[in-house]
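Single chain ahead, written as C-alpha cells, the form predicted on its own.
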C-alpha cells in the first residue's frame, strides 16, 4: 500500500475533507491556502485564495457546488467549488474554528473562538436569503459562555448541531430555536474532532484525554470507547466496515523534543464493535491532525503536522480481513 503524497501546504494540516462522492479531497492548513485535489491520483485541481491567516476548517455541500472555509483571519468564506470564485465573506470578531453545511446545503453554521474579549458564538446563515450574508446578519446566534467550541458537526436532517467543547463536554443545540437540547460529559479533556458515520446515526469524537468515543447522534448516548496512550487529534468511521481510524501523536509544542521513532505517528485502526486495535499505518513525520475515510471505504487520507497529506488505498487483504474475537 504505497500512499499518494500531496504536497500543497507550507504549514501543518488542520483539516482534510472529502466531498460526498469522494472524487475530491479538500485540505486546509495553518497557511492561508485552501487546496482541492483529485482523490484518485492526487493531482491538484486548484486552490481557493483569499484568506490571510491559518485556515481551521473546510466543508463542501452535498452536491459539491459550494465550499465553506473558516479562518484565523476572523472570516468565514463561501466559494464556488468549480471556479474558485469567492461568493461571500462573513467577518467575525475572532477566529472561525468550525464550519459546516447542513445536509440540504442551504444553511451554514460556524463557530468563533473565545478570544480578545469576545465570547464563543455559533452563527447560522440561510444561504437562500442573500441579505443575511450581505449584511452579516445570521438568523440565529448561540452564545457559549462556559467553554469554547473546538469541534462541531450537523446532526441528521439538519435539525440540530453537535458541538464538542474545550472542557470535554458535548452539547446538542437545536438549529431552529438555538436551545440546548442535550448536554453530556464523557471526555475529561478537549474534544479535538467530531465526525459522523455515513448515515449520520452515529458520530465519533477524538479527544486530548487519549480516547476516541462513539455516540448516538440523536440521544448522545455513549456507545464505545477506543483508548490510546497519546492525545487523539482526529477519528473517522469507515462507511463499509465496522472500523475506526484514529490519528494523533502529541502536543505540537512537544514535537521537537522527541525522535521520529519514539513519536508514534501511526494511524491506528480499531474494530468498532470489539474496541480492539488491529492495525497501524506509519508515515507522517509528526502528529496526525486530521483523518478521513473515502466515502466508498476503499481508501483513507491523513493530514499531519508535517504539512503533508497522504492518501492510502487499502490492499486487497484489508477487504478479506476477518476479525477474530
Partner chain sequence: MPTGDYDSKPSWADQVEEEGDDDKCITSELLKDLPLSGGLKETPLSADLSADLSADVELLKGGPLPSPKELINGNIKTITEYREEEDGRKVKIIRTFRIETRKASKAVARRKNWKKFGNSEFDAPGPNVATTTVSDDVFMTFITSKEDLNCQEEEDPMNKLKGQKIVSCRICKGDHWTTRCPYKDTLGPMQKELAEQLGLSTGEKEKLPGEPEPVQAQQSKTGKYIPPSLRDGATRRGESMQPNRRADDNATIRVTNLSEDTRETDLQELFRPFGSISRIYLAKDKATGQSKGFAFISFHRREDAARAIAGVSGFGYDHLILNVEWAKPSTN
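Just so you know, these numbers come straight off a predicted model, no measurement behind them. Positions refer to the first chain, counted from 1.
What comes next is about the form predicted in complex with its partner chain, which is not displayed.
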{"query": "Among the candidates 83, 219, 177, 131, the residue which, in the model of the complex, approaches its partner chain to within 4.5 Å (heavy atoms)", "finding": "83"}
{"query": "Residue among 272, 57, 36, 60 with a heavy atom within 4.5 Å of its partner chain in the model of the complex", "finding": "36"}
{"query": "Contact check for 147, 159 and 234 against its partner chain in the model of the complex, heavy atom at 4.5 Å", "finding": "no"}
{"query": "Touches its partner chain in the model of the complex: residue 265 (any heavy atom, 4.5 Å)", "finding": "no"}
{"query": "In the model of the complex, residue 52 touching its partner chain (heavy atom, 4.5 Å)", "finding": "no"}
{"query": "Partner proximity in the model of the complex: residue 17 to its partner chain, non-hydrogen atom cutoff 4.5 Å", "finding": "no"}
{"query": "Residue 31: touches its partner chain in the model of the complex, heavy atom cutoff 4.5 angstroms", "finding": "no"}
{"query": "Heavy atom within 4.5 Å of its partner chain in the model of the complex - qualifying residues of 17 to 51", "finding": "19, 21, 23, 24, 33, 36, 37, 38, 40, 41, 42, 43, 44, 45, 46, 47, 48, 49"}
